[in-house]
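Here's a solo chain for you in structure tokens, the form predicted alone.
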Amino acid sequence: MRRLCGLKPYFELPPGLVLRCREVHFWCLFPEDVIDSSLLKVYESLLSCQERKEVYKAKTEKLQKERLLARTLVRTTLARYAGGCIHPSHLEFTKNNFGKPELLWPKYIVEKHGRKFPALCFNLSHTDSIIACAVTNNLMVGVDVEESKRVTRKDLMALARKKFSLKEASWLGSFQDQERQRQQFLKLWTLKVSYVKALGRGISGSPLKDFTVHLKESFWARKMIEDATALSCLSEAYTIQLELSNAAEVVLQNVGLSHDALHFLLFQPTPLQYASLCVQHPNVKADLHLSTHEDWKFYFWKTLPLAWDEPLKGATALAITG
């Protein structure tokens, strides 16, 4: 459904959509859709003074617009889950010890309405062509988006050996076709960055070499994807498996999780991007085991904040935890 509403406050969820446990909501904004300069002025009014300073620190108008749209997407998206009680400009944020932003519902608004607001977790990622925000209900989440046409400046295999685990570099080296190898590199990169972002510790706290992401063609991957999403799916769908070094296991244990406590989905919002979502299983601690794909649901929306939103069409799922 596409809803046009001028510049009226439009922060509610689409009809019938509620953020439940074991759900991930993916909201994306395409900068090319924002062509009205007056809309940009409205977006700027939603930001805090510090956020506006960060926007104008960018050296080019293009980067300034990208930063403005990213902060606008976060504020308008999260405000949806407050049931119309909180204006996006009133949201407050803090950061964890590693710099990952976290939402704070304003205390005076919570007291005013006398109700409990959802303990939202969110993560943001953006490239030149897309800005994405993932939201969950009290579950750690990471999202990464990368341009599918991205070309590395350095030798790709040299970069893989430097950044990835030995097993990942060996797997990439098995591809003789350079374009195929580049695409597989980008898939791994996107998955690994979403994992690091879900943990919220930064790459220095969760080095990319300390864990291995395995992509394996699987007969069951397509069925699992169809159960969890409404996305189309390639016939050669993959399952995703995570292998951790001892150091990476310690990092997870420090946050009370085990290696099977994280769930991945790899997809393409459009043919121009790869995107990965990594989310924590609900109530899974290091000494418990839970099915990795049971009852998971992923929802995908395209939005122009304060104007319209609609289901993301044409996205293609590539792989899922299995």
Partner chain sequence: MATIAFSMSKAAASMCAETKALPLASQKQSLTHYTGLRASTFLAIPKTKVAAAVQQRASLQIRCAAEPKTLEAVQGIVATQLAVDPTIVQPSSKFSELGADSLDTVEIVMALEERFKITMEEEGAEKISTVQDAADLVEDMISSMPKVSS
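Numbering follows the first chain given and starts at 1. In this text the structure is predicted, and so the values were computed from the model without any measurement.
The discussion below concerns the form predicted together with its partner chain, not included here.
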{"item": "The unique member of 211, 81, 185, 171 whose heavy atoms fall within 4.5 Å of its partner chain in the model of the complex", "value": "185"}
{"item": "The single option of 180, 162, 149, 116 touching its partner chain in the model of the complex, heavy atom within 4.5 Å", "value": "162"}
{"item": "is_contact(residue 60, its partner chain) in the model of the complex, heavy atom dist at most 4.5 Å", "value": "yes"}
{"item": "Non-hydrogen atom contact residue 203 with its partner chain in the model of the complex at 4.5 angstroms", "value": "yes"}
{"item": "4.5 Å heavy atom contact, residue 158 to its partner chain in the model of the complex", "value": "yes"}
{"item": "Interface membership of residue 107, its partner chain in the model of the complex, 4.5 Å heavy atom rule", "value": "no"}
{"item": "Which of 249 to 257, 272 to 280, 50 to 58, 34 to 42 lines the interface with its partner chain in the model of the complex (heavy atom within 4.5 Å)", "value": "50 to 58"}
